[in-house]
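Below you will find one chain, with nothing else, as structure tokens; this is the form predicted alone, and questions on how it binds or moves follow later.
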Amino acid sequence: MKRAVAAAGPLAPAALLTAIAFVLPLAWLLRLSLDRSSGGGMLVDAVTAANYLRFLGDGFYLGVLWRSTWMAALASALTLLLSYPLALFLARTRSRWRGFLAVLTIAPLLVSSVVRTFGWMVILGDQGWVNGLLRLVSLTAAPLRLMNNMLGVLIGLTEVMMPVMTLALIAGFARLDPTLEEAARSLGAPPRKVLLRVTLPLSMPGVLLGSLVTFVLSISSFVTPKLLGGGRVAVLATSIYEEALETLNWPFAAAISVVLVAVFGVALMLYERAMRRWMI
């Protein structure tokens, strides 16, 4: 017993901080979601599941949940597809510019996602660089719709999440033994098979971690869907904002937030199951 208490002692400050910063706010959010709103921001103290029944019984909000989920999943897949070659190059290169290139890759994290999203609005707008270039080379007469839709949101999310995914992948590559790839090449395996049969499976922990983090950040993203979606792409984060600050229905906004946390939990369970499978 004394040993257990002594071992738990150093963990007490972290446990207390977690309880104050995460558990208590989440418990308050859950309790708020069980209240009712009487309109105008007024709360009726009650314990009811009406807000959850409204969410689950309304096709619009179920559509928002589905749209948010597949948007985050697709953004994670696109980010992984673009980040994997970059991370592999940074992990394997012996160039003297390696440090500079690594800093350049994660440098976008130093810029607010709001600023980066505004930059994409300039690039993807009807008078932006992309449409201007297409008209310049006579590929299109009318501007393409690259904003105010899901396409623009996915482009913005992919770019915003690439540094995060790249860092996770580099960490995964650091645990990969290069002698295994050398052994495969010495046995006559072509580069493509070495990548698919050796490098990719061994880097799966980094792939899964990066995908989890990217999925969670994407499905909870507000700025990029709000700005690049132009108010036409309803996701969970924008719905929470509208219910909390526009209609002033705080209990329903809290219920949507709890649903979002539940999605996080499902994603975490899938991640742990996949990790157990790949670690066997």
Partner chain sequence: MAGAAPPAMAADAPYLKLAGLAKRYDGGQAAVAGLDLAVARGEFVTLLGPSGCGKTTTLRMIAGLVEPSAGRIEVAGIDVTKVPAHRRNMGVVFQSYALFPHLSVARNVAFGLEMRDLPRGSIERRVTEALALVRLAELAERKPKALSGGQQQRVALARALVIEPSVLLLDEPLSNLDAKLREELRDEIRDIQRRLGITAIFVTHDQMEALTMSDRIVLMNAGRIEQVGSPAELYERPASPFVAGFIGRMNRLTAAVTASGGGRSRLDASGLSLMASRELPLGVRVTVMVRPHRIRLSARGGGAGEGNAVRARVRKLVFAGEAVQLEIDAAGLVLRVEQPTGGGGWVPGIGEEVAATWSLDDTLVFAER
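Since the structure is predicted, the reported quantities are computational estimates derived from the model, not experimental observations. Numbering follows the first chain given and starts at 1.
As for the form predicted in complex with its partner chain, it is not shown, yet the points below apply to it.
Its partner chain in the model of the complex comes within 4.5 Å of a heavy atom belonging to K193. Not displayed here, its partner chain is approached by R197 to within 4.5 Å at the level of heavy atoms in the model of the complex. Put simply, S138 is far from its partner chain in the model of the complex: not one heavy atom of it is within 4.5 Å. In the model of the complex, at least one heavy atom of R185 sits within 4.5 Å of a heavy atom of its partner chain. Of the candidate stretches 102-110, 175-183, 77-85, 152-160, only 175-183 has residues with heavy atoms within 4.5 Å of its partner chain in the model of the complex. Taking a 4.5 Å heavy atom cutoff to its partner chain in the model of the complex, the contact residue among A73, A171, V130, A189 is A189. In the model of the complex, no residue of 54-85 lies within 4.5 Å of its partner chain by any heavy atom.
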